[in-house]
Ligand code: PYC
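First, one chain by itself in structure tokens, the form predicted on its own.
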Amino acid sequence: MTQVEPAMRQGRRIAVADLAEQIEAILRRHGLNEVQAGALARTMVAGERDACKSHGIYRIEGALRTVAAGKVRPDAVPRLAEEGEGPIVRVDAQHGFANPAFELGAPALARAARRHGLAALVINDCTHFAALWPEVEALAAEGLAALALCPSYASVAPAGGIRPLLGTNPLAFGWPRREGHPYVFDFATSVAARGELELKRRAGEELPEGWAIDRDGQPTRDPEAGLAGAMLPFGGHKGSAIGTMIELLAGVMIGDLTSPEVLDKLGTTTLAPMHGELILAFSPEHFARGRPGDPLQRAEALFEAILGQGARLPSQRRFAARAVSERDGIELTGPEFALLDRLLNGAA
């Protein structure tokens, strides 16, 4: 393993594999088993690799707080329900993190989608961690289109409301491409991910207008007041409606917790939320069967038309950052190297 040398604390790059090894070692040192630590490390490294700082090593301390609070099982081994012939695949996360549960269920989901054209993976009793784009990217790599969605904890006021009720409720979509990276988007149904507010707070920066309201329901640009009050949905009533849909599909429908129920169980927004996740996988070939044209080729014509207007495809910046990280290593700041050093060699 590459150790954090004093010179690194000035900020420099670290190889992707070395960072993964280091994060996994930190998580194992603090009680996570191999299944949990490995999946979380891969997710955090993906965030850092793709320059998504709010989903990278910043999340280590939150994961450790959640473990220390007894709200997630660090020794959990997810269990895949016996695979049948139907289109619904179920994984019981055993009150561990969602990431290893998805890694366990994804191959069965892909098989079911190829068999039926459409299949769903239901993950129950999990603790959500970081982004959803790794899930849809993994399925796109299998030639499948995918949707992933989950609730969170109550931190977003519904449109016209003044108190937190909905979660940030992320939604991710992936479309396979024969060459290059898939078409992928992943966004919260709030104006921004909650981690972005925390990063603004840490940096001493103001929030953009329209991101949050304070405890009294008044607009605020103060990250501290926004974190204590409520975030706002993107697009007003449109984001509010999509966020509610996710509560219904990925909470109520799969027999798991909604965002207000999560907050009631956690009692705080400083821990990772516990709930369920729903991932849908589609076989474009099945859906287009009997119709003219190749769906993947037709999609490329659409993408070329978007790019031809000077627009960009979502995740292009992320993929560009990935190429740099894979070639030159992941760039971390001095304080980030110091955090890794402290967690690896000192106290949590």
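Please read all numbers here as calculations on a predicted model, not as lab measurements. Residue positions are given as counts along the sequence shown, with the first one as 1.
Another form, the form predicted in complex with this ligand, is not on view; read the next lines as being about it.
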inquiry  = With the partner left out here, check for me: in the predicted complex, does some heavy atom of Arg49 sit within 4.5 Å of this ligand?
reply    = no
inquiry  = So in the predicted complex, is this ligand close enough to Ala193 to count as touching (4.5 Å, heavy atoms)?
reply    = yes
inquiry  = Within 4.5 Å, heavy atoms only: does Thr258 come near this ligand in the predicted complex?
reply    = no
query = Even though this ligand is not shown here, does His128 get within 4.5 Å of it in the predicted complex, heavy atoms only?
reply = yes
query = Pick from Pro273, Gly251, Gly229, Gly243: which residue has any heavy atom within 4.5 angstroms of this ligand in the predicted complex?
reply = Pro273
request  = Name the residue from Arg59, Arg42, Arg65, His30 that puts a heavy atom within 4.5 Å of this ligand in the predicted complex.
outcome  = Arg59
inquiry  = If contact means a heavy atom within 4.5 Å, which one of 106-114, 193-201, 87-95, 215-223 is the stretch that engages this ligand in the predicted complex?
reply    = 193-201
ask   = So which residues in 138-175, when you check this ligand in the predicted complex, have a heavy atom no farther than 4.5 Å from it?
value = Ser152, Thr168
